[in-house]
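Given as structure tokens, the chain that follows is alone and in the form predicted on its own.
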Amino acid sequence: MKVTRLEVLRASWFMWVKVHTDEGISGIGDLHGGSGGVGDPAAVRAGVEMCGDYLVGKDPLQVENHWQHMFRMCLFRGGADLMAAIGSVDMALWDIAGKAAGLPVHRLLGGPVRDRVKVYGHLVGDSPEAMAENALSMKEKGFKALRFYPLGPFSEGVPDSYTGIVRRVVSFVEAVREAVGPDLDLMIDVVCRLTPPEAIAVGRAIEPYGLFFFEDPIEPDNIDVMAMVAERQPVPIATGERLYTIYQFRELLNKKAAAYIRPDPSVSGGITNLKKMAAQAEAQYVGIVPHNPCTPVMTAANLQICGAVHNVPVLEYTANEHRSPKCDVVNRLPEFRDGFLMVPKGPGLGIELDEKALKRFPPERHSRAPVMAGDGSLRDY
């Protein structure tokens, strides 16, 4: 079997890579880094083209060897755009390998270690009351874990006082906790918008509410400072969706900067690299909670990883929100049962893109509005 071509497919602000072979078997991967909200679409497509220049004519089943070549053929390695290209191609190669073997990918990775994965849904609401109402609705749908943004929509600024930030976060956390009761797992994400003192104060203020984790409290670039924040506030830290190599995650883990790491299968180099990151984390008794904000193709890849990795406590899941491009571009959604997603048992990733459905969602660039502080200065996007 030989690779014949790589194809980039688009719908709405989502992108995928399809790897074709001369035996009619193809594989797909979620090109999350091409969304515009993560990387530059043109740069990511150029990365896919570069991977194609290497892969065409080669045996797609030599997945690890191809990963090493695609990663190392750039002298200045890393970067979200290139790693997203490598990651999506890697997912597609594993999809081909599973289909060729007639097995789900998690079997090729040594699994299964579980047959279902606990998932958390996303909450929405512009006020504590609205967020609490949405939490009750999600609980009624069967979710046993929920995550939300207590600082409000991405387009809104943060409160213009130190105590105002703390009060806002506490008001949302308190409302949601009172609505769902003590036994449902809750997580918050402030999307890297806080300073270290603000993050420490927020973590201490929300300690009584028993959160599962506090995600991305500060900007992710200085891991020493992230470790300081993790040490000085009591809520477990989850971070890592903006990191993309095993070397970055090694530093994060060695400095005890996170209780849960959050690599993205696309941006962090695919299934091959996430398996290695999970092993690094397992050695430190740290959980891996893969980043999973995009389409069911990404969810399928994550479920295959979770089916073969021991230290996965929970998985992000957003396709339940019924945003049409997230749900209507594949032949099936994973089975949701009582707060869990069942690990697919079909060959490969266990899912296929519906290319006819893609035409209903014209390509568009996704962008995030800047987040401003009260004095007009910029917070992290």
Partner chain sequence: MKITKVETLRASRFTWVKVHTDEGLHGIGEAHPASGTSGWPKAVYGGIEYCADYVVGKNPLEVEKHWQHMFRRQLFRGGSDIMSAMSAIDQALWDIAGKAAGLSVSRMLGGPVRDRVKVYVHINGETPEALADDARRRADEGYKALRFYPLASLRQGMPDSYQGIVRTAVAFTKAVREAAGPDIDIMIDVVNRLSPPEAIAIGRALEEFGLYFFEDPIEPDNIEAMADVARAMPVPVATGERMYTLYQFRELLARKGAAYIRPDPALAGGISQIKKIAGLAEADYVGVVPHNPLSPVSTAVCAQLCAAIHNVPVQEYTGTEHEPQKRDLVNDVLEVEDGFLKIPDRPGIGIDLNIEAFKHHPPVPYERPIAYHPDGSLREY
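Positions refer to the first chain, counted from 1. Every value quoted in this text rests on a predicted model; they were computed, and no experiment measured them.
Below, we turn to the form predicted in complex with its partner chain, even though it does not appear here.
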item: Partner contact for R232 in the predicted complex: its partner chain, 4.5 angstroms, heavy atom; value: no
item: K276 within 4.5 Å of its partner chain in the predicted complex, heavy atoms; value: yes
item: Distance check, D185 to its partner chain in the predicted complex, heavy atom within 4.5 Å; value: no
item: W94 within 4.5 Å of its partner chain in the predicted complex, heavy atoms; value: yes
item: Per-stretch contact check against its partner chain in the predicted complex, the hit in 222-230, 205-213, 168-176, 302-310 (non-hydrogen atom, 4.5 angstroms); value: 302-310
item: Residue among V191, A201, A130, L103 with a heavy atom within 4.5 Å of its partner chain in the predicted complex; value: L103
item: D53, D59, E355, E335 - the one with a heavy atom within 4.5 Å of its partner chain in the predicted complex; value: D59
item: Residues from 252-283 in contact with its partner chain (non-hydrogen atom within 4.5 Å) in the predicted complex; value: N254, K276, A279, Q280, E282, A283
